[in-house]
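Take a look at this single chain in structure tokens; it is the form predicted alone.
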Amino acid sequence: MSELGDGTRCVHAGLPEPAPGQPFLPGPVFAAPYHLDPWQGPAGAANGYGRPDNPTRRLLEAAVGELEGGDCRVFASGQAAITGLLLTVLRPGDTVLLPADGYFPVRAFATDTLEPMGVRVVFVPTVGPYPTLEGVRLVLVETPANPGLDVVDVAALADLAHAAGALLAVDNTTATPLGQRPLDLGADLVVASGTKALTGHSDLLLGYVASRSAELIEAVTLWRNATGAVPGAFDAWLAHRSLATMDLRLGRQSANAEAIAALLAGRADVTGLRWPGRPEDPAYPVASTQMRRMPGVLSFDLGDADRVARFIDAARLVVAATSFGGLHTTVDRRAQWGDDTSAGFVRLSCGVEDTADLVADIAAALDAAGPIN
């Protein structure tokens, strides 16, 4: 379906062929065991046991795979997907490069789990500089990075990694497959949290790994099935249902981010504004070429924790919550979670509210919060 538009692809991704009397998207199949053929056993049907086999999950995997342009396996959460990928690919003695400015639980997992296993972990900022990749097994980047929103040239990094014999994995959570398709840019693997903008309703946890390598997908599948890191049938069904509106949701979120960035850029009481869609942003030269659309997430600094709290209290349409990509506009003060950001640093995730309402509310809330101390 690659020749079709994003909205069309999202609406039709992974759906079975139309059949009279059947729903567009079949309801979730709840089963642990299934009936087995008494003669052939599990070889007689696609479903044998609920951990490796579920038709609702397979439809979702087909849908996300169509959007990413590869084969897909879904996991119980984004963290389950990324840790599953790392533990599938890496062995004692291997070297992995991870983003120094990416999602902090991944850094903690690397320090607490990978290093004691004998994996050499090297942290590199998203925009580099990158060391020599000779002897490196895997390079993982998150672009745009969460929460700082730096962007790396995926195609150039893929060439660098492959020349050294390394694999490149790209965390596509912030961009989504509508924002960029890393496999098209040369990445070997895509990993993402579907909890966020992919499904966008703040009502489920989901992760996935996608690749065009049958060998890598088989290894990821074996690891997932052995560890049981699968999403439930209802979560898989909710996620597939939500994909249909992704193009519409992202369109409004991106437009809201552009308008809010313009507002914040003109205020002296806001510092450190980052949004890859601004021509003034350091990420813009790469993002404007590499990305098909800009994310609905931006970051900035309000000076200190108290001012962030006053801003949120004064807002009518902006609420405090972690995660991002949902229908409601949220602010997350990342330092409260132990992330290595300043006390006043916030990540703002734009919802789908009317743009004029959101801009007016944020402007009034900033006024009410008072000046930077």
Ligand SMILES: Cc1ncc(COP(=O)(O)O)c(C=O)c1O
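This is a predicted model, so every value here is computed, not measured. Numbers follow the displayed sequence, beginning with 1.
Not pictured, yet referred to below: the form predicted in complex with this ligand.
From the list 158 to 166, 79 to 87, 217 to 225, 292 to 300, the contact stretch for this ligand in the predicted bound form under a 4.5 Å heavy atom rule is 79 to 87. With the partner removed from view, the residue among R181, R278, R73, K196 that has a non-hydrogen atom within 4.5 Å of this ligand in the predicted bound form turns out to be K196. Only one of the listed residues (A210, A187, L206, L149) places a non-hydrogen atom within 4.5 angstroms of this ligand in the predicted bound form, and that residue is L206. This ligand in the predicted bound form is approached by Y103, whose closest heavy atom lies within 4.5 angstroms of it. Put simply, T173 is close to this ligand in the predicted bound form: some heavy atom of it is within 4.5 Å. Contacts between stretch 293 to 331 and this ligand, counted in the predicted bound form as any heavy atom lying within 4.5 Å, involve F324 alone.
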